[in-house]
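Before any questions on binding or motion, here is one chain by itself as C-alpha cells, the form predicted on its own.
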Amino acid sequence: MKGVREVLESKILTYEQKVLALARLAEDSVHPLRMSDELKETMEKGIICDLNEGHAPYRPRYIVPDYPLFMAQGSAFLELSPPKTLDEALNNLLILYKHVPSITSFPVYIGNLDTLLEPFMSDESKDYESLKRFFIHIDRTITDSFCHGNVGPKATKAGQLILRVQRELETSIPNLTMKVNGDTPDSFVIDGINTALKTAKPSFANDEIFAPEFTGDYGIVSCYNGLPIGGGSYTLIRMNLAKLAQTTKNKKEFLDQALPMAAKLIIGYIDERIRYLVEESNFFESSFLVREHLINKDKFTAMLGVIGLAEAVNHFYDDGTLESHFGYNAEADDFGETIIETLDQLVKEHQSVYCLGTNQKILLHAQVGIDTDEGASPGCRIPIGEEPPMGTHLKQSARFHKYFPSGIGDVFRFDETVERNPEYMLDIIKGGFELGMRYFSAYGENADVVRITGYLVKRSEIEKLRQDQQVLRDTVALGMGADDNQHVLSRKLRK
C-alpha cells in the first residue's frame, strides 16, 4: 500500500487529484483481463503500452456524446428540459459535462460548440459575457486539458465570439480544433490563426479528409482524435516502434517477423480490453447516456497507437550524419512509410467484433507520447531538434496522414512576426492540406499557453510545479515531464 500512502500524504496533489489517483490504484488492484506471458513480456519491455488505462476497464477511454440530440431532447435522468436561451444551453452543457466519463474522468469532447450554440445567439455583448463565464467555468472545473471542443467548418457568430473569448482568457482548457474545408471563409481561418498564436488553439483539421472516413458526423477529441459522434473509442493501446526495432538485426527481420508478431499481440490485447468492457463491466447497461441515446455501442471503435517511427527508421539508417535520418534521407522516409503501410494492412486484415462504428476495424492513431517517453518521438514526427525547413517538413509529414483516420498531426512554433502577417500561416495551412495533411497545430513563441503534443499547458504553471507548488490542472505534470524528456518547448522556431 506504499502507493496509497504516498498519495494520501502528498503536499503537491490537490484533493481532487488525490481522489483520482486513489481510484486508479483501486482499479489496478484487480486483474480480470486474460493476458498471455508473451504479451506481458512485450509490455514489460515497453514495446506495447496501455497508456495507464488501468487493469480493469470500466468505462470507454473516449466518449463522444451526441450533443445536438441532448440540446433537442434535454435529459430525463438529469431532469433538464431543452434549452430556450443561451444561458440555459450553457448551463445544461455544464451539467452534462460532469456526467461524461473518460479515461481522465473528465469529458474529452464537449461538442462542436459554435453550431451547438449558434441558434441561441441574440445580443452580441450579452452573449460574449455568457460565453466568457462558460469557458472560465470549464477551465476551473474540468482540470484536464484533454478536454476538447470543435468549431467550424462554417463561419458563425458563435464561432467568432468563442475565438474572441479564447484570446481574452488565454486558458489552457478546453483544447479547440477548427474544422476547415473549401467553404470555410479565409477570414474565419485567420481569426483562428490569430487566436492560435496567442493561446495555442485552435488547431486546424482538414474536414475534406476527415468527413468521408466516418458514417455520420465526427468530432475531434482529446489530443486530435477523429471519432464518430454518438460513440467514441473503447481503448487506445500503443506500440513503440523504436523499442521494437531495437530487438531486430535488420529491416527484413523487423518487417517480416517483429512487426507482425507485435501487431498480433497488441490487436489481441485491444480485443480483450473491449471484451471485458462490453461483456463484463456493465458500463453500457448502466449508463444513462446509453438509455437516452446520447451514445450507442454500435458507434464505438478502438485505436492502435504508434510512436517512435523516426527512431525505428534511424536505427537502421543512421550513419552518424543528419542526412541519413528520417526526414532527410529519401530511402529512410520510404522505409518509414513501408513500416506504417505494413502495419496498416495488418490492422485492416483483422475484424474486431465490437468496433461497429468503423465496420469492425481498429483505427491507427499517431500517439502523441507520454511524459516519461525517452528516445521515441510522437507518432510519425521528425524528432525535435532535427526539424527541416517548413516546406520539406510539410511534404514529409503529409505522406503519413492518410493512414491515421483517428488522428495524426505536427506542431509548429512561430515567431512574433507571424502575428503581423497571419496570411503567411494561412498559406502554410492551405498548402499542407493540399499535400494531404489532415491536422495542423501552431503556437506563438511568446505565448504562455503552449501545445505540448496534443494537449495544452501554461509555461507559468510548469514553472510553479518545478518549484513544488500546487497547480489546478493535472496535465501540467505531463507537460513538465514532456519538456524534461522530449524537450517539447524547444521546437524549431519558424520565421
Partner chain sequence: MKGCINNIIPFSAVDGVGNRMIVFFQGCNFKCLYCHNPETIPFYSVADYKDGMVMTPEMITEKAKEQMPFIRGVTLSGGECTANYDFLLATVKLLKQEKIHVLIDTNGFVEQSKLIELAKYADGFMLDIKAMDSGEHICLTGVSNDLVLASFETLLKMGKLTEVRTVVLGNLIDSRSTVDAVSKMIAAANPEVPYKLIRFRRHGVSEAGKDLEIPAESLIEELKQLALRNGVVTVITL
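Numbering follows the first chain given and starts at 1. This is a predicted model, so every value here is computed, not measured.
There is also a form predicted together with the partner chain; it is not shown, and the following applies to it.
Colleague: Work out which of Met390, Leu255, Ile136, Leu78 lies within 4.5 Å of the partner chain in the predicted bound form, going by heavy atoms.
Modeller: It is Met390.
Colleague: Report the residue, out of Leu69, Leu435, Leu51, Ala56, that has at least one non-hydrogen atom within 4.5 angstroms of the partner chain in the predicted bound form.
Modeller: Only one option qualifies, and that one is Leu435.
Colleague: Looking at 412 to 420, 117 to 125, 295 to 303, 360 to 368, which one sits within 4.5 Å of the partner chain in the predicted bound form if you count heavy atoms only?
Modeller: In the other structure, the partner sits against 412 to 420.
Colleague: Just checking whether Val180 would be counted as a contact of the partner chain in the predicted bound form - the rule being heavy atoms within 4.5 angstroms.
Modeller: No, no contact at 4.5 Å.
Colleague: Applying a 4.5 Å heavy atom distance criterion, does Ile428 contact the partner chain in the predicted bound form?
Modeller: Yes, Ile428 is a contact residue.
Colleague: Test of understanding: in the predicted bound form, would Ile103 fall inside 4.5 Å of the partner chain by heavy atoms?
Modeller: No, no contact at 4.5 Å.
Colleague: Is there a heavy atom of Lys395 no more than 4.5 Å from a heavy atom of the partner chain in the predicted bound form?
Modeller: The answer is yes: Lys395 has a heavy atom within 4.5 Å of the partner chain.
Colleague: Can you name the residues of 239 to 268 that have a heavy atom within 4.5 Å of the partner chain in the predicted bound form?
Modeller: The stretch 239 to 268, when checked against the partner chain in the predicted bound form, contributes no residue at the 4.5 Å heavy-atom cut-off.
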